[in-house]
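The chain below stands alone and is given as structure tokens, in the form predicted on its own.
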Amino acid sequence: MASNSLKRDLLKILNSNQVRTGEIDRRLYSYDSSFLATRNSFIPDAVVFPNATHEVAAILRYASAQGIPVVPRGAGTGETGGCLACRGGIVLDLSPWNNVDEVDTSNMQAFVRPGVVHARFNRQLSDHGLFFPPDPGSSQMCTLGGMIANNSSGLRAVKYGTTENYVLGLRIVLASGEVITTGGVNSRAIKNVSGLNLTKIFVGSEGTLGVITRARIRIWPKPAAKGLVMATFRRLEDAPPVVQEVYRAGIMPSGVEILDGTAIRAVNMYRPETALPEVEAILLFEVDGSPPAVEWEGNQISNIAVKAGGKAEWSTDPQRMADLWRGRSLVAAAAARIRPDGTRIFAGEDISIPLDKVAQALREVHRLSAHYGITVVSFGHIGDGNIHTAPVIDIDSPEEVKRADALVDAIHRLAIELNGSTTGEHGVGLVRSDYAAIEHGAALQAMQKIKQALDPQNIMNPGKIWP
């Protein structure tokens, strides 16, 4: 459809300040953080800014009648091309729709719109002594709608789980324009097993089944105390077993992170004053809870790390903990420093591995790195087996890009061969859809039947999750 006629039709639904069809405006929506986005130009035909459920419903009724693709979008911080209009159509920018409608402290839940930024939500909850536990690295930018669509998690998923554990209900506009509420139309119950759990189907569906316009979110009391152990190891292989030994001791940390030797060097090059020990692996264990429990658990973890041949530092001092966390928080930005002419690409960056195979996976990634001649910085959430691998390449070299593509494919296949997954928290989007069949087998057909039932014309974010 020509942009002029599309604009004319959309202006029958929305105000003029809610519709953009100019080329520059549309180009601004042709990106996310993925390497894929830098190599393609997926420009939508129009961008709209709805801020009411009835507006979203009217847009979807129109799009359904015309067979126009619709792509919901939050802050655009994704790394998989999930919010890109790969087949053109209408992008729904939901980021300005950022109201926290209500914080129901008595019932430990909140009602939010899709554009609420994660960090802002937790600052508001903190005034009530509460928090929303999922903790993605993009907290200052990412929206709750995007987190729900991708079932995001982050640093503290090892203890608190992923976003799906906190979504009690959703208001969703289906492809037809029909509006449904999952989790009970007027429910404020925390527990509810009435009917099929449709909420779970929509969480992580990446905008392929409908548009989330409101969410009922479970919230938790903030822990009274926190502490942090930094354990260092000269040999990479000595680090992963320590995590399992901590679990065997009956301790569930709120976060368990790893930096390999390449990640440590990158951080020290990026910010020398961080002065991380130059070893093959660093583990960070965060514990939270009551002050006596935190003190006991921190000391136990330190003892376990030292017994395994490592060195450990334990602190409950807020400033020292912030210093120790700084290395981990910098690594994503620092990775490119490992090579003067290099760029860190977001590709093959989110594998999930069984806990007993993490050490094997890390060594295999190092082997693949050497085989393809591409430096890979490895770090991530070792407590739940979610490892982030960051290839650093010269993106202006076609030959090197070709090798990077082969490396990324090998990393994805390695994860599947080790009984893991190509993605632990970033989602499938466009970049991992080719692995859907070998990851899910016959279950993929069941997923596609659900998609067909809810979106028979395939207008909702087409091309994502499935080839």
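When you see a residue number, it is the position in the sequence shown, counting from 1. In this text, all values refer to a predicted model and were calculated from it rather than measured experimentally.
Note that the form predicted together with a small molecule isn't included here; everything after this is about it.
Only one of E206, D384, D260, E286 comes within 4.5 Å of the small molecule in the predicted bound form through a heavy atom, and that residue is E206. Note on contacts: among V376, A239, I301, I212, the single residue with a heavy atom within 4.5 Å of the small molecule in the predicted bound form is I212. Within this chain, A119 is remote from the site of the small molecule in the predicted bound form, having no heavy atom within 4.5 Å. The closest non-hydrogen atom of A293 lies beyond 4.5 Å of the small molecule in the predicted bound form. In the predicted bound form, the small molecule stays beyond 4.5 Å of every heavy atom belonging to G380. A175 falls outside the set of residues with a heavy atom inside 4.5 Å of the small molecule in the predicted bound form.
Only one of 71-79, 359-367, 302-310, 393-401 lies within 4.5 Å of the small molecule in the predicted bound form by heavy atoms, and it is 71-79.
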